[in-house]
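Here you get one chain, nothing else, as structure tokens; it is the form predicted on its own.
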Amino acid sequence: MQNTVRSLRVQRGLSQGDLGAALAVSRQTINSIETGRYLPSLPLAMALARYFETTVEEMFDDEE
């Protein structure tokens, strides 16, 4: 998931702070998700999926 979040964020030209502000979480939380140090709660994972117009399954699928 961490690479998916980073990839989608970078594709949209967002900083970690921008994404954190959009989701009402800290830049550090986004950094931790992207580096795999933090697995987001289901509500946060759903918010990420909605924000990037994808599904939670696609964000968690590491087999591509």
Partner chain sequence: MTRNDTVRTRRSGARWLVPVVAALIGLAYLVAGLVAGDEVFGIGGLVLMLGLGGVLLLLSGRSETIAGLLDRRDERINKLDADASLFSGMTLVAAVLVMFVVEIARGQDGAPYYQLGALAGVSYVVALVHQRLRG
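Positions refer to the first chain, counted from 1. Just so we're clear, the structure is a prediction, and the values are computed from it rather than from any experiment.
From this point on, the text means the form predicted in complex with the partner chain, which you will not see here.
- The three residues Asp18, Ala22 and Ala47 all sit with a heavy atom within 4.5 Å of the partner chain in the predicted complex.
- Contact annotation: Ser26 falls within 4.5 Å of the partner chain in the predicted complex, judged by heavy atom distances.
- Using a 4.5 angstroms threshold between heavy atoms, Thr55 stays clear of the partner chain in the predicted complex.
- Among residues of the shown chain, Ser41 is one whose heavy atoms approach the partner chain to within 4.5 Å in the predicted complex.
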